[in-house]
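Next up is one chain by itself, shown in structure tokens, the form predicted on its own.
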């Protein structure tokens, strides 16, 4: 009887497998495309991560061993780096969220021109390299900073911005836009009638905010907290520039690779970086998603209850301080680019811009970012179409892999690429192609998510009508689906282009003297205390990103495609 049951189950599985396989190959063009996308995701996301994990156990080097994990636990410097990274992540997250909530309340609950200006200022850090605030802090508060001497004279102490708190301040400024945007979006999505009902029932505005608005926005706040924590924990460039003698996991991993060629210990540090990223990614993907659908009402988007004078005053004060802080940081970089030595010799000069190497690296950055944005958008949309519209095996797993590429710390991915592509059969290290591929597959999840969201909004009846009229699947895709997906393509392209231009943590392991990028060049200049040239290159890069965004926005408006 048991044998008969097992035979029936086996036949059923075999039948389902044959049916799935037959459906998969019913459209050979899409089947081949799915196989290519799956192979690329495995090669450029999964294999590098697997290589880091295996190398941390010595596999691929001297053989399987736990000695590198033992070294990690026995050497206080490594363990201290872990504690410092966690500490800076917790403190940065707490400060960023504490500022983002009142900032978002002020922008979403007031209609003044000032609130629109503050919103624009809050997003400005996104067009700059992630370490630009470390550069600004060094100009202001470094050993020979503009205000350092005044602080030393005033308080009679030897003030230094280098170290744990310098990293925290730089990260707060750098990661604030991400948290702010997520919290602002959540606050704007709340059904205003709930706040109005609370006020009508006699609750004060403070009580309404703490009992109604913030609980309804809690999903966005929680997501923002988790993302900022992971980004701060895995931050590479700010600790390298302004961390001083304080050790952090990401920057120590980089120094182990470049300074000591100790790939095994760098891989161990990479594993400790990737564990929190994996936990946060799984938590966001499989837990928070379910909560989110219950917190937003379909009638959201109408006007919210305006702030009363007292709360508006508090939120205005916090928002003004933050906006001024961001503005001052950018002004310092601009001034640093146009004077000899800021704070020491303030004579106007354009010498910092006459750096032929810098212009060459900017040109390389533009080429790499353009092709990475193009590839990430096209492949992301293709994977999104295959996921939503076609019956391909393991599509949820492939979606997971693509999205996880976004969550992996750049340092870990960089080490993984060195392990995989620095020898036969795929010796690509130091080539422009590897830089493009690295940025493409780190950002492919953006195009995928944009494509999936847009495809869910497109009624399948149009594609069915096209098929009924005799059009082949590829013709329907080209003539019906792709034009409707153009806004998703543009959003994926713009985001990938912007982030690729200022990306550092992963590509710094892959650049060579002939293929250096502007962001890594600026990082090296800042590390060598060449503040003037670093500021000049930063100004050029920010201007290019802003011009590119303006051009893309113009194209979008001309084509009437909403990003």
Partner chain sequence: MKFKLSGVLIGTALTLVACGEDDSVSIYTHNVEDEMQPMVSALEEETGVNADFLNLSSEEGFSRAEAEFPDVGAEIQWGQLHSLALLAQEEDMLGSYESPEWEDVPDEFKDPEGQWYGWSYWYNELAVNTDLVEDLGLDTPTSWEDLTDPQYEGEIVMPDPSVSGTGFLFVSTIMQMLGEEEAWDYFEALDQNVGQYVESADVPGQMAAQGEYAIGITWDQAVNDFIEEGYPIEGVVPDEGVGYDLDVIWIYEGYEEDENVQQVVDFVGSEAGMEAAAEHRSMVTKPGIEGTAGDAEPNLIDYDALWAADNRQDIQDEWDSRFNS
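Because the structure is predicted, anything quoted here is derived from the model rather than measured. Rigid core (definition): largest C-alpha set, two forms, superposition within 1.5 Å. Positions refer to the first chain, counted from 1.
This protein has a second form, the form predicted in complex with its partner chain, left out of what is shown; the following refers to that one.
Of the heavy atoms in residue 360, some are within 4.5 Å of its partner chain in the predicted bound form. In the predicted bound form, residue 355 approaches its partner chain with a heavy atom inside 4.5 Å. Looking at residue 112, you'd find every heavy atom of it more than 4.5 angstroms from its partner chain in the predicted bound form. Looking at residue 482, you'd find a heavy atom of it within 4.5 angstroms of its partner chain in the predicted bound form. Interface residue among 275, 324, 474, 120 relative to its partner chain in the predicted bound form, by the heavy atom within 4.5 Å criterion: 474. Put simply, of 191, 429, 225, 349 only one has a heavy atom within 4.5 Å of its partner chain in the predicted bound form, and it is 429. Of the candidate stretches 69-77, 305-313, 214-222, 451-459, only 69-77 has residues with heavy atoms within 4.5 Å of its partner chain in the predicted bound form. Interface residues of 128-157, taken as those with a heavy atom within 4.5 Å of its partner chain in the predicted bound form (partner not displayed): 138, 142, 143, 144, 145, in sequence order. If you fit the rigid core between this form and the one not shown, you'll see the Cα of residue 404 move by less than 2 angstroms. Taking the rigid core as fixed, one finds a CA shift for residue 158 of 2 Å or more between this form and the one not shown.
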